[in-house]
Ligand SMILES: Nc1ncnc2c1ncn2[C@@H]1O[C@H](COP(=O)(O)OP(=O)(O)O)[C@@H](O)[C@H]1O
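In the form predicted alone, a lone chain appears below as structure tokens.
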């Protein structure tokens, strides 16, 4: 398959995608800093995300990727602009949006099962229903038999699977992934990417993935949005016209290598060593 058949550059003035479920309009985020000038993390950021689409946000360290994701989650508020999810403006967290964090964010005193049950606290399900769903989701991510284990007894990959099970248990419309595999070793990361690819296809939920990993973005996403240095703006958007899930053999194809290189060529113009000292998330 030729590269020009698999990767297309999306013009920033293209019409909005059909049936967007996430509509981000002129988003800005400014952080107050003690004894320093305010820090603008995101500026004039507009993006529509299709229903069922897996969209990757990739950019330099500290450019504001995680800040954007947290605003979509309702964990941070925009300084200006708006975020609309499924027709409703985001004013705080909601059950239709679930987030998986890089640092696992598990309750250390609770078992794997109870961590997933806790994630459904805001639902109207009974205790028995929550426990049954938690067991089912843990089984789906390969953790049957580990329901009673505390996080300290689980590997990094297993902890992240608990986090994914917790997110999926609420049956979210939108799944937000903040570098979910960034803290894992290469082998575990590859295996979980394969699992995630299959899960996203099965669930069909709209997904926003923040990542520093170009290979991960190409493997998992329908579209990749490259961000500039802080304050974050869209530099370029790429559409990947290859059906998901793509299978592990895709990683060894010339098309995969070329796709990763295309993204890198756009990204590297915004990457500087000074980004490592950035004070803003993602």
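Note that the structure is a prediction, hence the values are computed from the model and not measured. Numbering follows the first chain given and starts at 1.
One more form of this protein exists, namely the form predicted in complex with this ligand; it is left out here, but the text below deals with it.
* **Segment assignment from 63-71, 252-260, 239-247, 218-226: heavy atom within 4.5 Å of this ligand in the predicted bound form** => Only one stretch passes the 4.5 Å heavy-atom test: 63-71.
* residue 39 within 4.5 Å of this ligand in the predicted bound form, heavy atoms -> Residue-level check for residue 39: yes, a contact with this ligand.
* Asked: Considering only 25-39, what residues come within 4.5 Å of this ligand in the predicted bound form, judged by heavy atoms?
  -> 31, 33, 39 sit within 4.5 Å of the partner.
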